[in-house]
Every structure is written in C-alpha cells, then in structure tokens.
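In structure tokens, one chain follows: the form predicted alone.
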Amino acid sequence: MILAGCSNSEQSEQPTPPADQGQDDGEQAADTPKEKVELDFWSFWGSVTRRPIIEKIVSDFNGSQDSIEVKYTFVPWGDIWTKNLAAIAAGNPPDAIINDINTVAHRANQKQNTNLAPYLAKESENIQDRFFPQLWEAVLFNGEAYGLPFNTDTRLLFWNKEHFAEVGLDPESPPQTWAELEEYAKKLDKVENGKYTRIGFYPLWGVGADIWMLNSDGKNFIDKDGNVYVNTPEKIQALEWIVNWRNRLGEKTVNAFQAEFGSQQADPFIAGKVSMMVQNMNFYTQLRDYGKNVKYGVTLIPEREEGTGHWSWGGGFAVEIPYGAKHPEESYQFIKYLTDVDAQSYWAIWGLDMVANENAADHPDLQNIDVYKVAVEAMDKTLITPTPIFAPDFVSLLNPQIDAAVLGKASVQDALSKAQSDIENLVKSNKK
C-alpha cells in the first residue's frame, strides 16, 4: 500500500512580509499563517497490515485541512493501557487513543476520558446515527458519550462444503438450529479403527461456552439496571448441551484433537480435521491466505430453536480523548473524522474489519465479499457486553463456575445457581 505524500504544512507556512513593504501591524497579523495544532494519536496497530492503513487515514486527515497535524504513535498492546493511565495521571496524556469499547464507561467513571457531549451538541448532524445502535450504547456513561465507536466484530459459522457433499448433506444448506447442528455433526464425524480422524463440530472450538449461553436467549449476563441473567432456563440448557457434546466425544478425544491444532495451514478447519466451526468474522483472512483450496460457506450462528434468534457476540474498540488532553476541540475533530464514512470505508476495505459506521459497512466493495455481507447481517443479532460499573469483575465469579460444569466438577444447575447468587451479591454491594 502506497502512503499519501507529505502533508501540506510547508506550503501553508509562508514568510511574513517585511515591515518596509508598507503594511501595518494589522496587515502583517492577517498574513501570518496560524500555527497548526499538533495532536498525538495512540493505538496498538503496528502490524505490516494494519499500520499502513491507519497511517494513511491519519495522512488523509492532515491533508484535508490546514489547522491540525496529527502524529501517529504505535504503542504495543501490552503497554498502551498502562502508559495511557500513567500519562493521564502525569497530566500529559495523548490527544486521542484507541481503547476497549466495553470499558468506556469505567474510564468515564474514573475520569480517564473526556465527555463528548459539549462537542456533539454543536453538530448539525446526529452523530450517533452513524453507528450500529449497540455500539453507541456501549460508549455512553450516564447517557452521554465518552468516546466514538471505531470497529467491532461478530462470530459466524463456517462449514466445509466438500465434507457436506461427501456425507450426503446439501453443501449449500448449513444447519439453522442446535438440533440440526448436532445432527449434521454426527454425519460428518469420521472414525477409523475406533479413533476419530475428523470431527464434524465441537462447540468450544472457536468460541467459549459464554457465547453459546448468550446465543441461547439473546440476553447479556447483566443488564444496565443490574438484573442478572445467568441461571436462566435457556442458559442452563446451553451449558448442558455443551457438556453433552463433551461426554459424547469423550474428553480424551477432545483433548487429543485440540493438542494437534495450530495456526495457518495447521488450523483445524483449514486442515480438514473439523467440518464446521464458529469463528470471528476475521477468520476470512486466514482462509484467503492459507486455505485457498477449502471450499467453504459462512452463515449466522445456529439458533437454539427456530425463532429464538441467531444471536452472536462481538467486541471492538472506540476512539477516545483522554482526560486532560491539551486540545480537546481539535481532538474531537480528528476522532469525528476517524468515524466518518470515508475513513471507516478505507479501514474496512483494506483491513477487512467490521467497522462501527453502518454506511461504511454497506460499501459495495465489502458487500461483494460473502463473509463481510453475512457479518453485516449478523450485526442485528450481535450482542456487545459492556462491563457494568457496579460489577466490573463479575467474570471472575462466572467463568470458574462455567469451567467446573464443563469439566464435570459440578452440575450445571449447581454451578450456575452459585454464579447467579455470587454476581447478584456483587451487584448489591456495589450499588449501595
């Protein structure tokens, strides 16, 4: 990818005419170019794929106006969050930063990011209309935005069409419900000399048990009012369903297969060891680069029962102005640009990433890619799970109980009952 040329800063900085040319002080002031405001923008995108894309977007912004110059700073994933907090505490934060979308409200509550309401109020357009609704909800704290959504993702079901044809299944008709998923998987399993050589599907390869629990009823584990949805009939059914898969295949089989899994050509789906997998939509790039001979299809995650909904889950990132940034007005202009159609379309087309801007996601170049088209369709049923202010560490109470149930150390009912009780107590103690 060829980056844009140098910015126009040199062209805009013309010398001030000398006093002997007959101009008074007012004329000199009028001809003196205004000094550009310099902004420092941080993100963790430093790969050979992502860095040129974000740098090109920054370059385009710099060339689009003559009052702001943005410098892009790459900070590694393991360091960016701690360095940002340290910079805020020292009173010298970056001017804009890419941050986790699910914890925007926590940073707002701790005065680590900037309330955008004063800037949004001046807009002639309703900025929130740019975004998928659940992403906008994720950046709110007390009803006001403390960041703008940048990107997200969703989970989809990939299936091997050749495997389907081999066992007499229609290669163009993937399973739509959990029952069909299980029926198809049993047909796709291969056993030779008493040993599995191919597994049709296993629900915990590609995603965790929590995704299936969300898929079961389309409800987050905790809603914005503090209601806890862990020990529900649907989520109990989901976890029991997973336990039954593990028991049917056998723990030794599951562990033996999993031990052989790798990346690129050794990915189990690409290598043909697994016929169906639920994966992040970005799995498309691995298939494109390393699975050119794999004839695959992609569809929504099967629903628990017909009519319950093909619910999926997504994460993502928002762009924020850290608290105490020196030039918040100019920073807002920049993050507004990052989330508008042109920048978002460029990011999506070149990075094949699901962007937060709905119009950008509908770009024709993206809709011609089957995986992206299905991913956009899935956004209507994709849950974003912002961490509640009143239960910031609830997963530390939930995940051990899920693991205990899956590994057979506790019954599903007992495990989820304990998790429900523990999380309710956590919410009550934090809401006092």
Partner chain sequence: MNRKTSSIRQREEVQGYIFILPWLIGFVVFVLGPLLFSLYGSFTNYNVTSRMDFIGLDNYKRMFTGDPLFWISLYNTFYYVIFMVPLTTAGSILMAVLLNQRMPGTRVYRTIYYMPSVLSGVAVYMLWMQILSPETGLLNTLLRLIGIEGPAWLFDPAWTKPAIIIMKMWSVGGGMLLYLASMQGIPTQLYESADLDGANAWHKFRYITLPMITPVIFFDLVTSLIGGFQIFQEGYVMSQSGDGGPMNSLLFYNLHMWNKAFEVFDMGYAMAMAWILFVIVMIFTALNLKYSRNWVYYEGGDNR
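This is a predicted model, so every value here is computed, not measured. Positions refer to the first chain, counted from 1.
In what follows, reference is made to the form predicted together with its partner chain, a form of this protein that is not presented.
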**4.5 Å heavy atom contact with its partner chain in the predicted complex for all of Val58, Ile199 and Asn368** = no
**Request:** Find out whether any non-hydrogen atom of Ala256 is located within 4.5 angstroms of its partner chain in the predicted complex, and reply yes or no.
**Result:** yes
**Non-hydrogen atom contact Asn399 with its partner chain in the predicted complex at 4.5 angstroms** = yes
**Message:** My question is simply whether Leu85 lines the interface with its partner chain in the predicted complex - judged by any non-hydrogen atom within 4.5 Å.
**Reply:** yes
**Prompt:** Would Asp393 count as touching its partner chain in the predicted complex under a 4.5 Å heavy atom rule?
**Reply:** yes
**Fill in**
Note: its partner chain not shown here; in the predicted complex, the stretch from 371-379, 40-48, 401-409, 59-67 having heavy atoms within 4.5 Å of it is 401-409
**Fill in**
Checking Gln264, Thr177, Gln110, Asn227 against its partner chain in the predicted complex, the residue with a non-hydrogen atom inside 4.5 angstroms turns out to be Gln110
**Selected contact from Arg304, Arg130, Lys336, His106, since only one has a non-hydrogen atom within 4.5 angstroms of its partner chain in the predicted complex** = His106
